[in-house]
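Okay, so here's just one chain, in structure tokens, the form predicted alone.
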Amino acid sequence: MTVQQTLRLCAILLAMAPVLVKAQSPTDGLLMKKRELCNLLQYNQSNWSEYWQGTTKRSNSNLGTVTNQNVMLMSAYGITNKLNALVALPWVRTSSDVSYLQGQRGIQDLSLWLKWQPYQIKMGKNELRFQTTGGLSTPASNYFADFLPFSIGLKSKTASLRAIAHFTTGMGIYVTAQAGHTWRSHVHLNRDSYLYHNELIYSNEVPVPNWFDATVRLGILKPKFQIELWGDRSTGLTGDDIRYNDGPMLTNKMQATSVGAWAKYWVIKQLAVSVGGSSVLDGRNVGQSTGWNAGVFYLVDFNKKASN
């Protein structure tokens, strides 16, 4: 699953990067106001039966359909109107409909971000905002990473940095573009050797490829609802391919092009519900997954509490 994210969208390895929601997240152009707290409880599910082994698409009858489910709690707090703190913690479950191997379940990685808006330009009723997000993540439980595609995570500590440009019109229509880099630490496995680029490495320390991702969003934001279409491209910056008739490895280079849609509706001023879907169109060493999510938002305004 990212964090920052078996994972910001879930395939063999993508499902194991830190999960990012599609609203008030480290990758969007929205900010909470000062002393506002938004809490989100979201359920995500993705399924795949075909995957790319390198660039070759294939299926595996011993796996059948692989399912990733996760429940994530995420909070965003406005330290100021231009500086937000975000935290996320997912519980993840993996399974297959035919495999004799048992999936895993448990708490994955704790992710923390700071999101800052250093500059904005007013153009009549239109506005252009520039933001940056920095984040850290660490495993929150002692889960077993060397069990792909059924591991619930990569068990790698990460640091991320991204840039965001967000343009919105007076009618509420917006376009957001973001790009980010995630640095991943090496992972120690319970083995003394592994294959990397078909070379036998005598070590239990495995390099996990660093990560680059970019997203474009087109949506409309109104007081009662928000609707968004998005496209995402993500890739490992190094790594090898899944070997023929072998399982995936933490060293594999993942790539995926995904699209999706998402909508949120405010039932009352403090409570909103959301629903979304996504699909992987093309990839490398990932599953061709389709997924959906549903969430509940609860807003707490500490400014009003103080005035009362």
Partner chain sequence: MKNINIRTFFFAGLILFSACKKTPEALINPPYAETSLDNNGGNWKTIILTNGSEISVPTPVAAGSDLYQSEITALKATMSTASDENKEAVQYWGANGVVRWHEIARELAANYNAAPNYNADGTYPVPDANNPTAYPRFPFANPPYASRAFALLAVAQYDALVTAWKAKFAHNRLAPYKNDTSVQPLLPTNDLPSYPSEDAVVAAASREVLKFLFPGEKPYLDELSTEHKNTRLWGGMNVQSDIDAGDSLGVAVAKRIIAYAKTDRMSAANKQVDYPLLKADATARGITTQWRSLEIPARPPLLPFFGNVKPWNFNDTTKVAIRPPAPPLPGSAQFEADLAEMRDLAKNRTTEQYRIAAYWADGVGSYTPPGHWNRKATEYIYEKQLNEIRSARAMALLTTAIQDAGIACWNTKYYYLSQRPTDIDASLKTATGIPNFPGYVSGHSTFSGAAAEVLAFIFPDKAAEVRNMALEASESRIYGGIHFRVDCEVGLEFGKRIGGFAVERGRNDGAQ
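On a predicted model such as this, the values are computed, not experimentally measured, just so you know. Numbering follows the first chain given and starts at 1.
Another form exists, predicted together with its partner chain; not displayed. Remarks below refer to it.
Distance check, Y194 to its partner chain in the predicted complex, heavy atom within 4.5 Å: Within the cut-off, so yes.
is_contact(H186, its partner chain) in the predicted complex, heavy atom dist at most 4.5 Å: Yes, H186 is a contact residue.
Exercise: S61 in contact with its partner chain in the predicted complex, heavy atom 4.5 Å: Although its partner chain is absent here, S61 would touch it in the predicted complex, with heavy atoms inside 4.5 Å.
Exercise: N81 in contact with its partner chain in the predicted complex, heavy atom 4.5 Å: N81: no contact with its partner chain in the predicted complex.
Heavy atom of each of F144, L200 and Y244 within 4.5 Å of its partner chain in the predicted complex: Yes: each residue has a heavy atom within 4.5 Å of the partner.
Proximity to its partner chain in the predicted complex (heavy atom, within 4.5 Å), stretch among 92-100, 169-177, 215-223, 108-116: Only one stretch qualifies here: 92-100.
In the predicted complex, the one of T132, N126, S75, N210 near its partner chain [non-hydrogen atom within 4.5 angstroms]: Comparing distances to its partner chain in the predicted complex, the residue within 4.5 Å is N210.
Heavy atom within 4.5 Å of its partner chain in the predicted complex - the one residue of V206, L148, I164, L86 that qualifies: Answer to the contact question: V206.
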